[in-house]
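Have a look below at one chain only, the form predicted alone, in structure tokens format.
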Amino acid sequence: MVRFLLNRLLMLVPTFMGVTLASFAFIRLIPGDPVELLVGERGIDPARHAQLLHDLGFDRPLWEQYLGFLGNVLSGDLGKSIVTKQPVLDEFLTLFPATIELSVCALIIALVIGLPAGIVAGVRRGSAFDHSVMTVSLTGYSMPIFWSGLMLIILFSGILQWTPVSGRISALFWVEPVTGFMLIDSLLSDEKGSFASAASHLVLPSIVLATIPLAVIARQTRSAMLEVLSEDYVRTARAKGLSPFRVIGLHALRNALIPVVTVIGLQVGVLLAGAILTETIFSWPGVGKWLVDSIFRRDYPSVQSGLLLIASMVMLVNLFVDLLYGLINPRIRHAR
């Protein structure tokens, strides 16, 4: 197990280096002068412009800027925003709980609906329910988040007026930020009705963000169940006269969940990527919206360090899933 862990950690090194290069290059490939965007429409004389570029370090060769960024990252310094002058890590940690809250709720929705739907579709292969699940999952996977989000806002917020349009909580409430998670902070608050407001604001963004992971989990669960149900040990269990519940729950499901666990872990990256669009559509004050705003402002330190932090978290989650997969299935651990 130690050797397996060391191999996985060593594989993260080139991935991490590639992520630093990609995050550094991404924002610089977008046209736009950060100094001109920083000063706005007031304009600036060429000498002052050159001085600001020098002060920010943007007049140096790109390779020198990258090496400086990499050295700062390895020393634990992610830089400061050129707009707010605040440390990027502090801004990220302040906004990240909102993204985590949204992503966790979306993942719960995907698991609660996707797993049972995939199991039943696999057991009742070829039935109307099976075809319905596959149709709905394919539709959910194919629809862009920005389109489905806008359609749901029009329907549930505009026409039916069941849910709020945007934000995390109504402007009528003031909740002291204790944990950063609005659901928890509203429960701790003395503001009556704040929790209901926070929950109602969370429903629609969570559903929109959950559409793609839900479809993937449902399809993967169905495929895994179909593969396991055709195995000899399942047929043997049925021949022994075991109840369908024991055959499916004890023998089939436990083995079918092995590949599903990996897929669930991979959906973390999908959730974080989808959160960028979802937070922008619903004006959700999380890391995704912060990154989009930073891109528009050409805030180089915020974008490159923000992308690096998100990618690093995805890599750590995938590492955890690999280790968990190795524990569940020892053949995987010994084969690498």
Partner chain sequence: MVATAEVQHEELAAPAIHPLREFWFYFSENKGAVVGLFTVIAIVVMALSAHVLAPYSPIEQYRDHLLLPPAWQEGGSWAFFLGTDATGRDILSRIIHGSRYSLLVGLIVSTLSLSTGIAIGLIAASFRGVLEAVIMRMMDVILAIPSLLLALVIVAILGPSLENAMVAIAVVYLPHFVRLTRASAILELSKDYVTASRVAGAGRIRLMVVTVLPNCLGPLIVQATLGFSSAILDAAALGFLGMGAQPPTPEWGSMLADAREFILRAWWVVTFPGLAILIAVLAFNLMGDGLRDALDPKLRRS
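Numbering follows the first chain given and starts at 1. C-alpha atoms forming the largest set that superposes within 1.5 Å between two forms make up the rigid core. Predicted model, so just to flag it, every value in this text is computed and none were measured.
There is also a form predicted in complex with the partner chain; it is not shown, and the following applies to it.
Residue (of L89, M151, I113, V83) lying close to the partner chain in the predicted complex, criterion heavy atoms within 4.5 Å: Of the candidates L89, M151, I113, V83, M151 is the one lying within 4.5 Å of the partner chain in the predicted complex.
Sole residue of W162, Y141, F129, Y233 within 4.5 Å of the partner chain in the predicted complex, by heavy atom: Exactly one residue meets the criterion: Y141.
I44: touches the partner chain in the predicted complex, heavy atom cutoff 4.5 angstroms: Close contact is absent here: in the predicted complex, I44 is far from the partner chain, nothing within 4.5 Å, heavy atoms only.
4.5 angstroms heavy atom contact with the partner chain in the predicted complex for V317: It does not: once the partner chain is placed as it appears in the predicted complex, V317 has no heavy atom within 4.5 Å of it.
The partner chain contact in the predicted complex: L324, any heavy atom under 4.5 Å: So L324 does not count as contacting the partner chain.
Partner proximity in the predicted complex: F69 to the partner chain, non-hydrogen atom cutoff 4.5 Å: No, F69 stays farther than 4.5 Å from the partner chain in the predicted complex.
Site check V175, L183 and L187: each within 4.5 Å of the partner chain in the predicted complex by heavy atom: No, the whole trio is out of contact, none within 4.5 Å by any heavy atom.
Which of 116-124, 167-175, 154-162, 243-251 sits within 4.5 Å of the partner chain in the predicted complex, heavy atom basis: Stretch 154-162 is the one.
Sequence-ordered residues of 213-233 touching the partner chain in the predicted complex, heavy atom within 4.5 Å: Residue within 4.5 Å: R219, and no other.
Threshold 2 Å Cα movement between this form and the one not shown for V317, core superposed: Stays below the 2 Å threshold, so no.
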